[in-house]
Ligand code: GLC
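Just one chain is shown here, as structure tokens, and it is the form predicted on its own.
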């Protein structure tokens, strides 16, 4: 089977969030010898030189964007079972940011049209084109539109994955025809129309794909409701017959406490006591009292309201006053949240360390160091952090929503089963109760070791999910 996987970011080449992690690992999991899997992304100037030096120039071609013909340079890189294509155009991708530019609508129309043209330029008649988030939402439409006049595209099927429904790609409607070269007939409320003068790229992916997915089963149900859909619930319900919920996995070679070079000391489920040495290293690194017996709670997150940060800041002072804990934050985001954690750090320097940046290696060390990982998300399509935490024997405390609900089994003291702690409602009191329950449980070394081993035995690699994706692909070809 020939599969083209399209994403605006792919780890390790370029990453701003979980989308890159999925795009960097799922194609590899699918890319067995019987499958021809290729990945395409923009050639951003922000991609590190160590990757650029290995890519090979293949060819160039042009795409029509309004009255202009825009250059597309094609570079390739073979890595494992996957071939990667990088589409080069300095006007669009030699920027200081990946997203948030004034012309994002035009930039990603260019990328999407260039991708569909690429298929023919390299004579790769894909059986499946798998698209991700708003940056690629027009591709299923372009495939169907091109197929009207070119049999090369007539049998191609498209899959569209929603990683985060909050970001939909909403732009003025005129760019559809003036830049994208698509007919205004698509700009109706059954198609791309968002409001009287805007269109919605994500909506295009939902409407024109042959199947669309979310990254957990619970989130697939949640986005059918007004509370979670960000205005797309009716569109999703209209197309729910082709909606699938498939839980993400993580790369077990990248996240492996036995081999992770970012750790102070390696460990596994049989040498879990060595995990403590990573906590001591973080305590030294973050100027906290060095004491292996103090429970450490970590947050490795983007500081945004959807991550439940307001719930945390509401209870944090009382928690720091009353409990003998250390709280470590690693991540950036909204200034009001960064300022809140800086305030708590200044007031409780022996209990809280706030690091408002993101460092991949440092995050690995913190996953291994902490006793607990806090994820009180208001919405969470899947979540990667809780899966990484489980891999390192760090116990997640989560709100039971989306992928957090699907992957974390709250600990049951009666059966001695479970791999984390949870709470149901968007309520700071419930969050505090869940944290206190975990803090009480960690005092019982035997029970806590059981929870840690249950966490490390949780299976969240890509094997099962990749098999489900292949089954979905095969079903579309029948």
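Just so we're clear, the structure is a prediction, and the values are computed from it rather than from any experiment. Numbering follows the first chain given and starts at 1.
There is another form of this protein, the form predicted together with alpha-D-glucopyranose (GLC), and it is not shown here; the text below is about that form.
> Within 4.5 Å, heavy atoms only: does residue 114 come near alpha-D-glucopyranose (GLC) in the predicted complex?
Residue 114 lies outside the contact set for alpha-D-glucopyranose (GLC).
> Spell out, yes or no, whether the shortest heavy atom distance between residue 19 and alpha-D-glucopyranose (GLC) in the predicted complex is within 4.5 Å.
Residue-level check for residue 19: yes, a contact with alpha-D-glucopyranose (GLC).
> Taking 4.5 angstroms as the cut-off for heavy atoms, does residue 355 touch alpha-D-glucopyranose (GLC) in the predicted complex?
It does not: once alpha-D-glucopyranose (GLC) is placed as it appears in the predicted complex, residue 355 has no heavy atom within 4.5 Å of it.
> Even though alpha-D-glucopyranose (GLC) is not shown here, does residue 394 get within 4.5 Å of it in the predicted complex, heavy atoms only?
Contact check for residue 394: no, nothing within 4.5 Å of alpha-D-glucopyranose (GLC) in the predicted complex.
> 163, 194, 364, 405: which sits within 4.5 Å of alpha-D-glucopyranose (GLC) in the predicted complex by any heavy atom?
Partner contact (heavy atom, 4.5 Å) among the options: 163.
> Of these, 384, 263, 296, 299, which has a heavy atom no more than 4.5 Å from alpha-D-glucopyranose (GLC) in the predicted complex?
Contact check passes for 384.
> I need the one stretch from 78-86, 119-127, 376-384, 148-156 whose residues put non-hydrogen atoms within 4.5 angstroms of alpha-D-glucopyranose (GLC) in the predicted complex.
Every other range fails; the passing one is 376-384.
> Judged by heavy atom distances of 4.5 Å or less, which residues of 295-318 approach alpha-D-glucopyranose (GLC) in the predicted complex?
Stretch hits: a single one, 307.
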